[in-house]
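Presented below, as structure tokens, is a lone chain in the form predicted alone.
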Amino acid sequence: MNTVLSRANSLFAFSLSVMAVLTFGCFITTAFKDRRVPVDIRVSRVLLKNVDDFTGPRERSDLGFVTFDLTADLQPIFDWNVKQLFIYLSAEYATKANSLNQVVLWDKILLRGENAKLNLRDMKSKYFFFDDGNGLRSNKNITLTLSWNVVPNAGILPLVVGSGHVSLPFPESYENTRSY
């Protein structure tokens, strides 16, 4: 009745149970930690163009360019249960067509052991800042926010919003220059 296979099965099941309890213990030690840190975002340049939109009918859409400075010390977020951070800068604004628009402008993956003090100057948007119409021109309340996903060794993936944002107005006229 107690063959080698049944003993191996019992040992394997017990080992998995112990590993599950240890993993839950690892998760619970950092589950309720506050992972917000102060963030300083400054915008140095805003440029707005009206360009052809090739995704739909022959219309023109707003394309925004933002140059920003970003300062944040993310070192307190890292503990033994954090593998990496996925950091992204997003813009939120309202238009007549949509009550909430969210666009990711820049992102970065920060691994454990890398320098977690961000001191970025004159950064340009990594992704296009398109609006699906003309909702950027003369928009007075476009809010830039730095957020991050914490990727743990064990546990849930919390989405954290930094404690600092900046609201900026977009210009009332379009630029005609070819370069940014």
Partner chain sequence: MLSVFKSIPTHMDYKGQKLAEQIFQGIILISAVIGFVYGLIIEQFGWTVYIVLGGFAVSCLLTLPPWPMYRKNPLPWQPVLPETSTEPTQKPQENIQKKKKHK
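Positions refer to the first chain, counted from 1. Superpose the two forms; the largest set of C-alphas matching within 1.5 Å is the rigid core. In this text, all values refer to a predicted model and were calculated from it rather than measured experimentally.
Heads up, the form predicted in complex with its partner chain isn't pictured, but that's what we're talking about next.
- Just one of Thr143, Asn134, Ser147, Thr29 comes within 4.5 Å of its partner chain in the model of the complex, counting any heavy atom, and that one is Thr29.
- Using a 4.5 angstroms heavy atom cutoff to its partner chain in the model of the complex, none of Val151, Leu157 and Leu159 count as contacting.
- Contact annotation: Asp79 falls within 4.5 Å of its partner chain in the model of the complex, judged by heavy atom distances.
- Looking at Arg112, you'd find a heavy atom of it within 4.5 angstroms of its partner chain in the model of the complex.
- Of the heavy atoms in Pro169, none are within 4.5 Å of its partner chain in the model of the complex.
- When contacts are judged by a 4.5 Å heavy atom cut-off, Ser163 does not count as touching its partner chain in the model of the complex.
- Along 3-17, residues Thr3, Val4, Arg7, Ala8, Ser10, Leu11, Phe12, Phe14, Ser15 each place a heavy atom within 4.5 Å of its partner chain in the model of the complex.
- Superposition on the rigid core between the shown form and the other one places the CA atom of Ser15 2 Å or more away from its counterpart.
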